[in-house]
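Only one chain is given next, in C-alpha coordinates, and it is the form predicted alone.
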Amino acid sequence: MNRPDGSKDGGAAMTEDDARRVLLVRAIEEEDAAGDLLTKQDRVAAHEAGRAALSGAGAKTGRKGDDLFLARRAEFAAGRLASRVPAIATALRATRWPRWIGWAVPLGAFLIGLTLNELASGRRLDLLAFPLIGMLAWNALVYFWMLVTLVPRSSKGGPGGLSRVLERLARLGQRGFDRATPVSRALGRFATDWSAASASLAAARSARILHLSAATFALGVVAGIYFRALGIEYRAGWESTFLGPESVHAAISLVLGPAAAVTGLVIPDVAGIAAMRWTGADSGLDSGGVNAGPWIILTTATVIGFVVIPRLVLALLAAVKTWRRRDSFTLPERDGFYFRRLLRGAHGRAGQVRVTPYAYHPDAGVREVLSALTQDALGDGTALQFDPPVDYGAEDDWLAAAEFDADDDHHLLLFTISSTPEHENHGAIASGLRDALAVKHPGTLVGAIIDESPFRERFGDNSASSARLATRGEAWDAVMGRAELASLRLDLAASDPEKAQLMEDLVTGKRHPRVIP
(Lines give C-alpha, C1' and ligand atoms only; values in the text may rest on other atoms or scores of the structure.)
Protein backbone atom coordinates (compact mmCIF):
# COMPACT_ATOMS: atom_id res chain seq x y z
CA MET A 1 0.00 0.00 0.00
CA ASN A 2 1.44 3.38 -1.00
CA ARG A 3 1.50 6.22 1.50
CA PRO A 4 1.25 9.98 0.97
CA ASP A 5 5.04 10.40 1.11
CA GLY A 6 5.53 7.78 -1.59
CA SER A 7 6.64 4.97 0.68
CA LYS A 8 5.11 1.52 0.80
CA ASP A 9 3.72 -0.65 3.54
CA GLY A 10 6.64 -2.75 4.68
CA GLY A 11 4.73 -5.19 6.87
CA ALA A 12 5.54 -5.87 10.49
CA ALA A 13 9.33 -5.34 10.40
CA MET A 14 10.91 -1.91 10.90
CA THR A 15 11.58 -0.89 7.31
CA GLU A 16 13.58 2.06 6.08
CA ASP A 17 10.41 4.11 5.56
CA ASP A 18 9.16 3.19 9.03
CA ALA A 19 12.44 4.23 10.62
CA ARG A 20 12.46 7.53 8.72
CA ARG A 21 9.03 8.42 10.07
CA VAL A 22 9.92 7.29 13.60
CA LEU A 23 13.01 9.52 13.69
CA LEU A 24 11.09 12.45 12.23
CA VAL A 25 8.33 12.16 14.81
CA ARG A 26 10.87 11.79 17.61
CA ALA A 27 12.60 14.99 16.51
CA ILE A 28 9.28 16.82 16.37
CA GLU A 29 8.05 15.59 19.75
CA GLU A 30 11.29 16.38 21.55
CA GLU A 31 11.68 19.83 20.00
CA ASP A 32 7.99 20.74 20.15
CA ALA A 33 7.56 20.62 23.92
CA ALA A 34 4.57 22.97 23.79
CA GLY A 35 2.68 20.70 21.40
CA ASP A 36 2.20 23.38 18.73
CA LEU A 37 2.99 21.03 15.85
CA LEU A 38 1.78 17.75 17.27
CA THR A 39 -0.87 18.38 19.88
CA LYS A 40 -1.52 16.28 22.91
CA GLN A 41 -4.66 14.95 21.23
CA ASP A 42 -2.61 13.99 18.18
CA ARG A 43 -0.12 12.14 20.34
CA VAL A 44 -2.89 10.26 22.11
CA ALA A 45 -4.45 9.33 18.76
CA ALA A 46 -1.07 8.22 17.40
CA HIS A 47 -0.53 6.15 20.51
CA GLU A 48 -3.88 4.45 20.03
CA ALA A 49 -3.06 3.77 16.38
CA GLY A 50 0.08 2.00 17.51
CA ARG A 51 -1.77 0.02 20.16
CA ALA A 52 -4.38 -0.98 17.58
CA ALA A 53 -1.63 -2.49 15.44
CA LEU A 54 -0.41 -4.44 18.47
CA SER A 55 -3.83 -5.91 19.12
CA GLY A 56 -4.61 -6.65 15.47
CA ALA A 57 -4.90 -10.11 14.02
CA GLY A 58 -1.52 -11.74 13.60
CA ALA A 59 0.23 -8.93 15.47
CA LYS A 60 3.83 -9.49 16.47
CA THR A 61 5.01 -9.78 20.06
CA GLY A 62 8.28 -8.98 21.78
CA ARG A 63 10.73 -6.69 20.02
CA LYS A 64 8.98 -7.10 16.67
CA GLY A 65 5.73 -6.07 18.32
CA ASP A 66 7.45 -3.03 19.84
CA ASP A 67 8.80 -2.06 16.42
CA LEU A 68 5.34 -2.48 14.93
CA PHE A 69 3.87 -0.18 17.58
CA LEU A 70 6.54 2.47 16.99
CA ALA A 71 6.15 2.24 13.21
CA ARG A 72 2.37 2.54 13.14
CA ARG A 73 2.37 5.29 15.78
CA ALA A 74 4.91 7.28 13.76
CA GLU A 75 2.97 6.66 10.56
CA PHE A 76 -0.13 8.22 12.07
CA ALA A 77 1.75 11.16 13.58
CA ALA A 78 3.80 11.81 10.43
CA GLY A 79 0.61 11.88 8.39
CA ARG A 80 -0.85 14.56 10.65
CA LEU A 81 2.36 16.59 10.57
CA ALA A 82 2.80 16.36 6.80
CA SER A 83 -0.77 17.52 6.21
CA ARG A 84 -0.19 20.65 8.32
CA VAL A 85 3.41 21.62 7.59
CA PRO A 86 4.52 21.30 3.93
CA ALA A 87 8.18 21.45 4.95
CA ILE A 88 7.77 18.23 6.89
CA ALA A 89 6.27 16.44 3.90
CA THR A 90 9.12 17.81 1.78
CA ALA A 91 11.71 16.58 4.25
CA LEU A 92 10.21 13.08 4.23
CA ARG A 93 10.32 12.94 0.45
CA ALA A 94 13.76 14.56 0.16
CA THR A 95 15.39 12.02 2.47
CA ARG A 96 14.21 9.09 0.37
CA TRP A 97 16.90 7.55 -1.80
CA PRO A 98 16.32 8.73 -5.40
CA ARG A 99 15.65 5.55 -7.39
CA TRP A 100 16.65 7.07 -10.70
CA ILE A 101 20.28 7.07 -9.57
CA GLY A 102 20.17 3.27 -9.58
CA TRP A 103 19.72 3.06 -13.34
CA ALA A 104 20.91 6.46 -14.57
CA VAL A 105 24.51 6.13 -13.36
CA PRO A 106 25.10 2.61 -14.82
CA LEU A 107 23.46 3.68 -18.09
CA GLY A 108 25.65 6.76 -18.23
CA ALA A 109 28.73 4.63 -17.61
CA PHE A 110 27.78 2.33 -20.48
CA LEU A 111 27.30 5.24 -22.86
CA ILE A 112 30.63 6.76 -21.87
CA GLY A 113 32.35 3.43 -22.48
CA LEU A 114 30.55 2.99 -25.79
CA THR A 115 31.76 6.33 -27.10
CA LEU A 116 35.25 6.04 -25.68
CA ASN A 117 37.08 5.15 -28.85
CA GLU A 118 40.40 6.03 -27.34
CA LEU A 119 41.12 2.33 -26.97
CA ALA A 120 42.74 2.76 -30.32
CA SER A 121 44.46 5.83 -31.60
CA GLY A 122 42.77 6.03 -34.98
CA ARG A 123 42.95 2.44 -36.16
CA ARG A 124 45.58 1.34 -33.68
CA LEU A 125 44.94 -1.04 -30.79
CA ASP A 126 47.84 -0.26 -28.49
CA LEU A 127 48.31 -3.24 -26.20
CA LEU A 128 50.18 -1.27 -23.54
CA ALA A 129 47.97 1.80 -23.36
CA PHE A 130 44.72 2.88 -21.77
CA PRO A 131 41.94 1.89 -21.56
CA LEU A 132 42.75 -1.84 -21.41
CA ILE A 133 45.71 -1.67 -19.05
CA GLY A 134 44.28 1.31 -17.20
CA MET A 135 40.90 -0.34 -16.71
CA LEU A 136 42.43 -3.58 -15.47
CA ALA A 137 44.82 -1.74 -13.16
CA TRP A 138 42.03 0.36 -11.70
CA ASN A 139 39.86 -2.66 -11.03
CA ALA A 140 42.79 -4.51 -9.49
CA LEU A 141 43.31 -1.53 -7.18
CA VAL A 142 39.61 -1.59 -6.22
CA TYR A 143 39.71 -5.31 -5.41
CA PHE A 144 42.83 -4.79 -3.31
CA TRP A 145 41.21 -1.92 -1.43
CA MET A 146 38.13 -4.03 -0.75
CA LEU A 147 40.32 -6.74 0.75
CA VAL A 148 42.06 -4.16 2.93
CA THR A 149 38.77 -2.74 4.18
CA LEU A 150 37.62 -6.22 5.22
CA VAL A 151 39.81 -5.71 8.29
CA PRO A 152 37.48 -4.71 11.17
CA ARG A 153 37.55 -1.01 11.84
CA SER A 154 36.17 1.25 14.52
CA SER A 155 32.49 2.06 14.12
CA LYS A 156 33.20 5.63 15.15
CA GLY A 157 33.11 8.38 12.57
CA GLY A 158 30.65 10.57 10.80
CA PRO A 159 28.41 9.73 7.91
CA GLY A 160 29.85 9.36 4.44
CA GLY A 161 29.70 11.84 1.59
CA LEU A 162 26.48 10.48 0.11
CA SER A 163 24.84 10.60 3.52
CA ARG A 164 25.87 14.24 3.89
CA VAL A 165 24.21 14.91 0.53
CA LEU A 166 21.01 13.40 1.90
CA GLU A 167 21.32 15.60 4.96
CA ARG A 168 21.50 18.66 2.77
CA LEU A 169 18.50 17.45 0.79
CA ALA A 170 16.51 17.07 3.98
CA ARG A 171 17.41 20.61 4.99
CA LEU A 172 15.68 21.88 1.87
CA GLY A 173 12.45 21.53 3.78
CA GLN A 174 13.57 24.23 6.22
CA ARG A 175 13.74 27.03 3.70
CA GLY A 176 11.60 29.97 4.60
CA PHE A 177 11.44 29.05 8.28
CA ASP A 178 12.86 30.90 11.22
CA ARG A 179 15.66 28.69 12.53
CA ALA A 180 14.50 29.40 16.06
CA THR A 181 11.15 27.74 15.46
CA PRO A 182 10.44 24.19 16.67
CA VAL A 183 9.87 22.89 13.13
CA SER A 184 13.22 24.24 11.95
CA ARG A 185 15.07 22.79 14.90
CA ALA A 186 13.25 19.48 14.50
CA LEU A 187 14.01 19.21 10.80
CA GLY A 188 17.64 20.01 11.44
CA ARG A 189 17.86 17.32 14.06
CA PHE A 190 15.96 14.86 11.86
CA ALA A 191 18.36 15.49 8.99
CA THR A 192 21.33 14.78 11.23
CA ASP A 193 19.77 11.72 12.84
CA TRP A 194 18.66 10.23 9.55
CA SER A 195 21.98 10.89 7.90
CA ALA A 196 23.76 8.92 10.62
CA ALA A 197 21.13 6.18 10.84
CA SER A 198 21.00 5.53 7.09
CA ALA A 199 24.75 5.79 6.45
CA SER A 200 25.30 2.04 6.19
CA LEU A 201 22.29 1.63 3.90
CA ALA A 202 23.48 4.49 1.70
CA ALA A 203 26.92 2.89 1.55
CA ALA A 204 25.43 -0.43 0.40
CA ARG A 205 23.39 1.33 -2.27
CA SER A 206 26.41 3.31 -3.42
CA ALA A 207 28.49 0.13 -3.64
CA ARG A 208 25.81 -1.58 -5.74
CA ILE A 209 25.61 1.33 -8.16
CA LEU A 210 29.36 1.76 -8.45
CA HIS A 211 30.01 -1.95 -9.08
CA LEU A 212 27.22 -2.08 -11.64
CA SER A 213 28.54 1.07 -13.30
CA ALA A 214 32.05 -0.39 -13.52
CA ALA A 215 30.62 -3.46 -15.26
CA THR A 216 28.52 -1.43 -17.71
CA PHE A 217 31.45 0.89 -18.46
CA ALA A 218 33.62 -2.12 -19.39
CA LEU A 219 30.81 -3.55 -21.52
CA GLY A 220 30.41 -0.17 -23.19
CA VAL A 221 34.11 -0.03 -24.07
CA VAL A 222 34.03 -3.53 -25.57
CA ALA A 223 30.79 -2.86 -27.43
CA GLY A 224 32.29 0.34 -28.84
CA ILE A 225 35.30 -1.54 -30.18
CA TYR A 226 33.21 -4.18 -31.91
CA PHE A 227 30.84 -1.54 -33.27
CA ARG A 228 33.71 0.49 -34.70
CA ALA A 229 35.53 -2.58 -35.99
CA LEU A 230 32.64 -3.30 -38.34
CA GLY A 231 33.66 -0.35 -40.50
CA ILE A 232 37.43 -0.15 -40.08
CA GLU A 233 40.35 -2.49 -39.63
CA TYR A 234 42.03 -2.22 -36.27
CA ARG A 235 45.76 -2.92 -36.18
CA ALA A 236 47.23 -4.24 -32.93
CA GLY A 237 50.73 -3.30 -31.83
CA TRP A 238 52.78 -1.63 -29.15
CA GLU A 239 55.47 0.93 -28.51
CA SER A 240 57.52 1.81 -25.45
CA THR A 241 60.41 3.98 -24.45
CA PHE A 242 61.77 1.60 -21.82
CA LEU A 243 60.41 -1.88 -22.58
CA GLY A 244 61.77 -4.33 -25.10
CA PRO A 245 60.02 -7.25 -26.84
CA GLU A 246 60.91 -9.68 -24.03
CA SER A 247 59.36 -7.47 -21.34
CA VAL A 248 56.30 -6.73 -23.45
CA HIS A 249 55.82 -10.44 -24.17
CA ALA A 250 55.97 -11.18 -20.44
CA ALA A 251 53.49 -8.41 -19.62
CA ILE A 252 51.04 -9.41 -22.33
CA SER A 253 51.28 -13.09 -21.32
CA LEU A 254 50.52 -12.12 -17.72
CA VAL A 255 47.50 -9.98 -18.59
CA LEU A 256 46.03 -11.86 -21.54
CA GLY A 257 47.34 -15.35 -20.74
CA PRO A 258 44.17 -16.51 -18.90
CA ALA A 259 42.00 -15.29 -21.79
CA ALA A 260 44.25 -17.12 -24.26
CA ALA A 261 43.85 -20.31 -22.26
CA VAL A 262 40.06 -19.97 -22.28
CA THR A 263 39.63 -18.95 -25.91
CA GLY A 264 42.36 -21.17 -27.37
CA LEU A 265 44.05 -18.24 -29.10
CA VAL A 266 47.84 -18.19 -29.08
CA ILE A 267 49.92 -15.24 -27.93
CA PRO A 268 52.86 -14.76 -30.33
CA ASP A 269 56.38 -15.52 -29.14
CA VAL A 270 58.99 -12.81 -28.51
CA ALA A 271 59.82 -12.57 -32.20
CA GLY A 272 56.16 -12.18 -33.07
CA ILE A 273 55.74 -9.51 -30.43
CA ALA A 274 58.82 -7.70 -31.77
CA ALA A 275 57.26 -7.70 -35.24
CA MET A 276 54.17 -5.93 -33.84
CA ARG A 277 56.16 -2.92 -32.65
CA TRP A 278 55.17 0.38 -34.17
CA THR A 279 58.16 1.73 -36.07
CA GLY A 280 59.00 4.85 -38.04
CA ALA A 281 58.45 8.49 -37.23
CA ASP A 282 54.73 8.31 -37.80
CA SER A 283 54.24 4.78 -36.50
CA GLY A 284 51.64 4.35 -39.23
CA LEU A 285 49.75 1.25 -40.22
CA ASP A 286 52.42 0.31 -42.67
CA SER A 287 55.20 0.40 -40.12
CA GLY A 288 54.16 -2.30 -37.64
CA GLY A 289 51.18 -3.96 -36.05
CA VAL A 290 48.93 -6.82 -37.13
CA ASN A 291 45.23 -7.36 -37.69
CA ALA A 292 43.63 -6.77 -34.26
CA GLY A 293 40.82 -9.35 -34.54
CA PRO A 294 42.36 -12.03 -32.27
CA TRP A 295 43.59 -9.36 -29.85
CA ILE A 296 40.12 -7.83 -29.56
CA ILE A 297 38.77 -11.28 -28.66
CA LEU A 298 41.50 -11.70 -26.01
CA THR A 299 40.78 -8.22 -24.69
CA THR A 300 37.05 -8.91 -24.50
CA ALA A 301 37.56 -12.20 -22.67
CA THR A 302 39.94 -10.51 -20.22
CA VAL A 303 37.60 -7.62 -19.52
CA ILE A 304 34.61 -9.93 -19.02
CA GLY A 305 36.54 -12.29 -16.77
CA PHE A 306 38.41 -9.69 -14.71
CA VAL A 307 35.95 -6.80 -14.64
CA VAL A 308 32.40 -7.56 -15.74
CA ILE A 309 31.72 -10.86 -13.95
CA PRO A 310 33.39 -9.90 -10.61
CA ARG A 311 31.71 -6.51 -10.62
CA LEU A 312 28.29 -8.01 -11.30
CA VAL A 313 28.80 -10.49 -8.47
CA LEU A 314 29.83 -7.65 -6.14
CA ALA A 315 26.83 -5.61 -7.26
CA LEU A 316 24.55 -8.56 -6.50
CA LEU A 317 26.06 -8.97 -3.03
CA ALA A 318 25.65 -5.24 -2.38
CA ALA A 319 22.04 -5.46 -3.58
CA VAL A 320 21.30 -8.28 -1.15
CA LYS A 321 22.88 -6.24 1.65
CA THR A 322 20.78 -3.25 0.59
CA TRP A 323 17.54 -5.22 0.61
CA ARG A 324 18.26 -6.66 4.03
CA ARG A 325 19.14 -3.31 5.58
CA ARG A 326 16.17 -1.59 3.91
CA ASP A 327 13.62 -4.15 5.09
CA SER A 328 15.12 -4.79 8.51
CA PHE A 329 16.29 -1.36 9.57
CA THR A 330 18.20 -1.02 12.83
CA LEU A 331 16.76 1.94 14.71
CA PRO A 332 19.47 3.98 16.48
CA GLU A 333 19.14 4.53 20.22
CA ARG A 334 16.39 1.93 20.23
CA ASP A 335 16.85 1.45 23.98
CA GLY A 336 16.92 5.16 24.71
CA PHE A 337 14.57 7.04 26.98
CA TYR A 338 12.21 8.28 24.27
CA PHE A 339 11.41 4.82 22.92
CA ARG A 340 11.26 3.20 26.32
CA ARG A 341 8.79 5.82 27.47
CA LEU A 342 6.55 5.15 24.45
CA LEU A 343 6.77 1.40 24.92
CA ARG A 344 5.97 1.67 28.61
CA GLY A 345 2.77 3.43 27.64
CA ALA A 346 2.04 0.84 24.98
CA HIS A 347 2.35 -2.03 27.41
CA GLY A 348 1.05 -0.23 30.49
CA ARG A 349 4.39 -0.40 32.27
CA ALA A 350 5.46 2.27 34.79
CA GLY A 351 8.77 4.08 34.68
CA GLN A 352 11.55 3.13 37.07
CA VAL A 353 13.75 5.61 38.90
CA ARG A 354 16.66 4.71 41.16
CA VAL A 355 17.96 7.17 43.75
CA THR A 356 21.34 6.87 45.44
CA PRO A 357 21.86 9.26 48.39
CA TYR A 358 25.47 10.21 49.05
CA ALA A 359 26.59 11.40 52.48
CA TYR A 360 22.95 12.11 53.12
CA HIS A 361 20.18 10.25 54.94
CA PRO A 362 16.90 11.67 53.61
CA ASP A 363 13.98 11.30 55.96
CA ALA A 364 10.56 9.95 55.04
CA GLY A 365 9.26 13.41 54.16
CA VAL A 366 12.01 14.05 51.63
CA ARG A 367 11.50 10.62 50.09
CA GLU A 368 7.78 11.24 49.79
CA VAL A 369 8.25 14.63 48.11
CA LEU A 370 10.84 13.24 45.70
CA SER A 371 8.49 10.40 44.81
CA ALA A 372 5.66 12.85 44.15
CA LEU A 373 7.85 15.00 41.93
CA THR A 374 9.02 12.07 39.83
CA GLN A 375 5.45 10.90 39.35
CA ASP A 376 4.43 14.39 38.30
CA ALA A 377 7.30 14.42 35.83
CA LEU A 378 7.04 10.86 34.49
CA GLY A 379 3.48 9.89 35.20
CA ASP A 380 1.51 7.99 37.80
CA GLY A 381 2.84 4.60 38.63
CA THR A 382 6.48 5.60 38.31
CA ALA A 383 8.44 3.41 40.68
CA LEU A 384 11.02 5.13 42.87
CA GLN A 385 13.67 2.96 44.49
CA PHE A 386 16.10 4.30 47.10
CA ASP A 387 19.53 2.74 47.54
CA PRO A 388 21.07 2.63 51.01
CA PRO A 389 22.99 5.90 51.51
CA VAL A 390 26.62 5.84 50.41
CA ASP A 391 28.91 7.05 53.17
CA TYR A 392 31.23 9.99 52.60
CA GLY A 393 34.51 8.69 51.16
CA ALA A 394 33.04 5.31 50.15
CA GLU A 395 32.31 6.28 46.56
CA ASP A 396 35.07 4.15 45.03
CA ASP A 397 33.94 1.00 46.84
CA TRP A 398 30.33 1.66 45.94
CA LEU A 399 31.11 2.23 42.27
CA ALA A 400 33.19 -0.95 42.17
CA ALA A 401 30.47 -3.09 43.74
CA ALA A 402 27.33 -1.46 42.36
CA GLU A 403 25.03 -3.57 40.18
CA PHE A 404 22.96 -1.58 37.71
CA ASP A 405 19.56 -2.59 36.40
CA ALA A 406 18.97 -2.27 32.67
CA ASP A 407 15.31 -1.49 33.40
CA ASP A 408 16.20 1.67 35.32
CA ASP A 409 15.04 4.62 33.24
CA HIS A 410 16.80 7.13 35.51
CA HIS A 411 19.50 7.01 38.11
CA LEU A 412 19.65 10.05 40.37
CA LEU A 413 22.30 10.94 42.91
CA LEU A 414 20.86 12.74 45.95
CA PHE A 415 23.03 15.21 47.89
CA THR A 416 22.30 17.73 50.59
CA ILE A 417 23.37 21.28 50.02
CA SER A 418 24.43 21.44 53.65
CA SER A 419 27.52 19.44 52.71
CA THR A 420 30.51 21.22 51.27
CA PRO A 421 30.92 19.85 47.71
CA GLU A 422 34.30 18.35 46.87
CA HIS A 423 35.59 17.26 43.50
CA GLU A 424 37.41 14.32 45.07
CA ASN A 425 34.27 12.84 46.63
CA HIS A 426 30.98 14.30 45.42
CA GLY A 427 32.39 14.95 41.97
CA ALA A 428 34.01 11.51 41.86
CA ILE A 429 30.81 9.58 42.45
CA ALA A 430 28.98 11.78 39.95
CA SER A 431 31.49 11.27 37.14
CA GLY A 432 31.99 7.63 38.11
CA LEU A 433 28.26 6.85 37.91
CA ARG A 434 27.95 8.74 34.64
CA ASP A 435 30.83 6.80 33.08
CA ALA A 436 29.68 3.43 34.42
CA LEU A 437 26.17 3.75 33.06
CA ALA A 438 27.41 5.12 29.74
CA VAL A 439 29.20 1.81 29.26
CA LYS A 440 26.78 -0.67 30.87
CA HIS A 441 23.36 0.86 30.25
CA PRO A 442 23.54 3.93 28.02
CA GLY A 443 19.74 4.12 27.93
CA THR A 444 19.61 5.11 31.62
CA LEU A 445 19.54 8.87 32.16
CA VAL A 446 21.77 10.09 34.97
CA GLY A 447 21.36 13.25 37.02
CA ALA A 448 21.85 14.73 40.46
CA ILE A 449 19.54 16.49 42.91
CA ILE A 450 20.90 18.75 45.62
CA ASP A 451 18.35 19.02 48.39
CA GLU A 452 18.12 22.50 49.94
CA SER A 453 15.60 21.56 52.62
CA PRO A 454 18.09 20.67 55.41
CA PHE A 455 19.87 24.02 54.98
CA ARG A 456 16.63 26.00 54.91
CA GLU A 457 15.31 24.17 57.95
CA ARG A 458 18.47 24.90 59.93
CA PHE A 459 19.14 28.50 58.95
CA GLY A 460 15.66 29.75 58.12
CA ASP A 461 14.60 32.06 55.31
CA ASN A 462 16.40 35.42 55.60
CA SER A 463 18.77 37.51 53.54
CA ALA A 464 21.90 36.17 55.18
CA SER A 465 20.93 32.54 54.75
CA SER A 466 19.77 33.19 51.20
CA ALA A 467 23.19 34.62 50.35
CA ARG A 468 24.95 31.63 51.90
CA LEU A 469 22.57 29.28 50.07
CA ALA A 470 23.33 30.98 46.77
CA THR A 471 27.08 30.67 47.40
CA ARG A 472 26.77 27.00 48.21
CA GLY A 473 24.60 26.49 45.17
CA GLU A 474 27.27 27.93 42.93
CA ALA A 475 29.83 25.64 44.52
CA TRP A 476 27.60 22.62 43.84
CA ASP A 477 27.04 23.75 40.27
CA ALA A 478 30.80 23.95 39.79
CA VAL A 479 31.43 20.44 41.13
CA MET A 480 28.59 18.86 39.13
CA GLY A 481 29.58 20.83 36.05
CA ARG A 482 33.14 19.61 36.30
CA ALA A 483 31.75 16.08 36.57
CA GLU A 484 29.65 16.81 33.45
CA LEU A 485 26.46 15.70 35.19
CA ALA A 486 23.13 17.51 34.90
CA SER A 487 22.03 18.66 38.36
CA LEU A 488 19.10 20.39 39.99
CA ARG A 489 18.85 22.25 43.28
CA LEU A 490 15.47 21.72 44.91
CA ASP A 491 13.86 22.32 48.26
CA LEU A 492 12.43 18.86 48.92
CA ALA A 493 10.41 20.03 51.91
CA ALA A 494 7.35 20.27 49.72
CA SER A 495 6.19 19.56 46.19
CA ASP A 496 4.74 22.11 43.78
CA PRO A 497 4.13 22.36 39.99
CA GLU A 498 7.20 24.54 39.41
CA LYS A 499 9.48 21.97 41.02
CA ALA A 500 7.75 19.23 39.03
CA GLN A 501 8.52 21.11 35.83
CA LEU A 502 12.17 21.43 36.81
CA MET A 503 12.23 17.74 37.67
CA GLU A 504 10.74 16.91 34.28
CA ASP A 505 13.51 18.86 32.56
CA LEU A 506 16.08 16.87 34.51
CA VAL A 507 14.63 13.40 33.97
CA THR A 508 13.79 13.97 30.32
CA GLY A 509 17.32 15.05 29.50
CA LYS A 510 16.45 18.68 28.74
CA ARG A 511 18.61 19.96 31.55
CA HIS A 512 22.25 19.86 30.58
CA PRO A 513 25.30 19.99 32.81
CA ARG A 514 27.00 23.31 33.16
CA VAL A 515 30.35 21.99 32.01
CA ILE A 516 33.30 23.60 33.75
CA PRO A 517 36.74 22.47 32.58
Partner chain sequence: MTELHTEGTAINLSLISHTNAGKTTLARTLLGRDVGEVRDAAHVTDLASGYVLVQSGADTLMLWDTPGFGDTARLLDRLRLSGNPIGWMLTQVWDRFRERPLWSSQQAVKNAREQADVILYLVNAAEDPAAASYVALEMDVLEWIGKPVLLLLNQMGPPREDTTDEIMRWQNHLGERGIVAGALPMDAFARVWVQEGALLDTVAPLLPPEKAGAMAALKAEWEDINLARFRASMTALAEALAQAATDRESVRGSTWRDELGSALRAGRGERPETREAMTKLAERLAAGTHSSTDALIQLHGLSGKASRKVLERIAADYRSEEKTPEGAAALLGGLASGAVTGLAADLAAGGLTLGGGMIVGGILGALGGGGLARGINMAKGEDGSVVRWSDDFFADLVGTSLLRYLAVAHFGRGRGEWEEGEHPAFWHDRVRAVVEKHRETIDRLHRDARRMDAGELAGGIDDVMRQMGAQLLIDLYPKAAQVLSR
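Numbering follows the first chain given and starts at 1. Here, rigid core means the biggest group of C-alpha atoms that superpose within 1.5 Å across both forms. Small disclaimer: the values here were computed from a predicted structure and weren't measured.
Beyond the structure shown, there is the form predicted in complex with its partner chain, which is absent from this document and is the topic of what follows.
**Q** Its partner chain isn't shown here, but in the predicted complex which of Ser83, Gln385, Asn291, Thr420 has a heavy atom within 4.5 Å of it?
**A** Contact residue from the list: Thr420.
**Q** Only one of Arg43, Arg468, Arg51, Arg489 gets a heavy atom within 4.5 Å of its partner chain in the predicted complex. Which one?
**A** Contact residue from the list: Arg468.
**Q** Determine which one of 24 to 32, 468 to 476, 62 to 70, 43 to 51 lies within 4.5 Å of its partner chain in the predicted complex, judging by heavy atom distances; exactly one does.
**A** Every other range fails; the passing one is 468 to 476.
**Q** Contact check in the predicted complex: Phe190, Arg334 and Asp405 versus its partner chain, with a cutoff of 4.5 Å between any heavy atoms. Do all three pass?
**A** No, the candidate spot makes no contact with its partner chain.
**Q** Examine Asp269 and determine whether its closest non-hydrogen atom to its partner chain in the predicted complex is within 4.5 angstroms.
**A** Close contact is absent here: in the predicted complex, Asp269 is far from its partner chain, nothing within 4.5 Å, heavy atoms only.
**Q** For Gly305, is any heavy atom within 4.5 Å of its partner chain in the predicted complex, or not?
**A** No - in the predicted complex, heavy atoms of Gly305 and its partner chain never come within 4.5 Å of each other.
**Q** Is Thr444 close to its partner chain in the predicted complex, meaning a heavy atom pair under 4.5 Å apart or at it?
**A** No - in the predicted complex, heavy atoms of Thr444 and its partner chain never come within 4.5 Å of each other.
**Q** Taking its partner chain as it sits in the predicted complex, is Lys440 in contact with it (heavy atom to heavy atom, 4.5 Å or less)?
**A** Flag for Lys440 set to no.
**Q** Judged by heavy atom distances of 4.5 Å or less, which residues of 393 to 414 approach its partner chain in the predicted complex?
**A** Contacts from 393 to 414: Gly393, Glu395, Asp396.
**Q** Rigid core fitted, then: does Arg324 show a CA shift of 2 angstroms or greater between this form and the one not shown?
**A** It does not reach a 2 Å shift.
**Q** On a rigid core superposition, would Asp396 pass a 2 Å threshold for CA movement between this form and the one not shown?
**A** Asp396: C-alpha displaced by 2 Å or more between this form and the one not shown.
**Q** Given a superposition on the rigid core, I'd like a yes or no on whether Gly237 shifts its C-alpha by 2 Å or more between this form and the one not shown.
**A** No, its C-alpha moves less than 2 Å.
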